[in-house]
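We begin with a single chain expressed as structure tokens, specifically the form predicted alone.
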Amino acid sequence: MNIEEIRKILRTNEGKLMFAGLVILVTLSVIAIFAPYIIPYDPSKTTPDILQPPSLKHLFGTDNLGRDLLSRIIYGSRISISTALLGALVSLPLGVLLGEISGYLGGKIDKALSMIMDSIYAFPSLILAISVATILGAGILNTALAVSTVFVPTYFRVTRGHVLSIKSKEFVEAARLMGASKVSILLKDIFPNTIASIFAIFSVNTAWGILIEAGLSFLGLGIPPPHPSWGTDIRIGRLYYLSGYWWIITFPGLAILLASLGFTFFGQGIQRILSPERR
């Protein structure tokens, strides 16, 4: 893959979406990193300015406790995005390792691991995350662990499927005939050909992790107060939405949508650029 080929991909519709996703992710990353320095108010400080609509003083308005909503969304990006990223990162090595072993060795090991992962995968993602979060309790680390539980079967299924299709290729057979060990074949011949899909799934899982974290916080099982979280703000906003206070639920919802789209677009573009077929 040379620079000219990448430029051609970026000119396609999918390439443009990937670039848009990258711009969104870079912007959100900068906001999250420098959140303490750019927030106009303390996101947890209550004031008498309760339920104020968007204005020059409070661009996104205030909530029922007078807290500035823009500050909460900016600071909440650190918690919501980092929790989703941590959940995806924790599940990645475990799911990929089990998928590689299961797909390459086959036999009883493959059947046993596939049965376990299919059993976990059968649960709806949010229901499974709720179950784990209920057992572990609220908290940033516990929420990340609940999110990671959902993603292990996804990494496993994708990795296993690619290994099954790759291990019968001629270059793998050649390595085997030359006396390469199973570990060497997995690490040097099979794993590099699954990286593109792993990158794509990681990005999409992070997008889904943001939604799961928001759902857990919405139910009171995720990030505990007074930490700002997009899901927590939506839970508060739903109580006042029908009374005309639309901004409390609207702006956190847009933040969740924007972050999810950024990770999804970027993951799809990466998969296209790094796909073995294109190379």
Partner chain sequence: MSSKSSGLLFYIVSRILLIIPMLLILLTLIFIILRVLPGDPVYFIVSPQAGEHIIEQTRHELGLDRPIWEQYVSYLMGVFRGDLGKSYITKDNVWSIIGRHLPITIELATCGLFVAAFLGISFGTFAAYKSKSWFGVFNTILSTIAYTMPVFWFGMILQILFAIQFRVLPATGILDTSLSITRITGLPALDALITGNMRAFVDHVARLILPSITLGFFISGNINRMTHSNVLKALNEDYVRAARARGIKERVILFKYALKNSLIPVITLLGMNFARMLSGSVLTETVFSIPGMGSLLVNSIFRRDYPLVQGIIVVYALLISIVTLIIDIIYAYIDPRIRL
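Residue numbers count along the first chain shown, from 1. Computed from a predicted model, the values in this text were never measured in an experiment.
FYI, the form predicted in complex with its partner chain isn't displayed, but the following is about it.
Participant: Whether residue 238 contacts its partner chain in the model of the complex should be assessed with a 4.5 Å heavy atom distance threshold; does it?
Facilitator: Residue-level check for residue 238: yes, a contact with its partner chain.
Participant: Test of understanding: in the model of the complex, would residue 104 fall inside 4.5 Å of its partner chain by heavy atoms?
Facilitator: Contact with its partner chain, no.
Participant: May I ask you to check whether residue 197 falls inside a 4.5 Å heavy atom distance of its partner chain in the model of the complex?
Facilitator: Looking in the model of the complex, residue contacts with its partner chain do not include residue 197, since no heavy atom lies within 4.5 Å.
Participant: Just to confirm, residue 17 within 4.5 Å of its partner chain in the model of the complex by heavy atoms?
Facilitator: It does: once its partner chain is placed as it appears in the model of the complex, residue 17 has a heavy atom within 4.5 Å of it.
Participant: Mind telling me which stretch in 63 to 71, 50 to 58, 247 to 255, 34 to 42 gets its heavy atoms within 4.5 Å of its partner chain in the model of the complex?
Facilitator: Heavy-atom contact with the partner occurs in 247 to 255.
Participant: Only one of 82, 119, 184, 165 comes within 4.5 Å of its partner chain in the model of the complex by heavy atoms, so just point that one out.
Facilitator: For this set of options, the contacting one is 119.
Participant: Among the candidate residues 158, 89, 140, 136, which is the single one with a non-hydrogen atom no more than 4.5 Å from its partner chain in the model of the complex?
Facilitator: Looking at the other structure, the residue within range turns out to be 136.
Participant: Taking its partner chain as it sits in the model of the complex, which residues of 115 to 140 have a non-hydrogen atom within 4.5 Å of it? Please list them.
Facilitator: Read in sequence order, the residues that approach its partner chain (within 4.5 Å, in the model of the complex) are 115, 116, 119, 120, 122, 123, 124, 125, 126, 127, 128, 130, 131, 132, 134, 135, 136.
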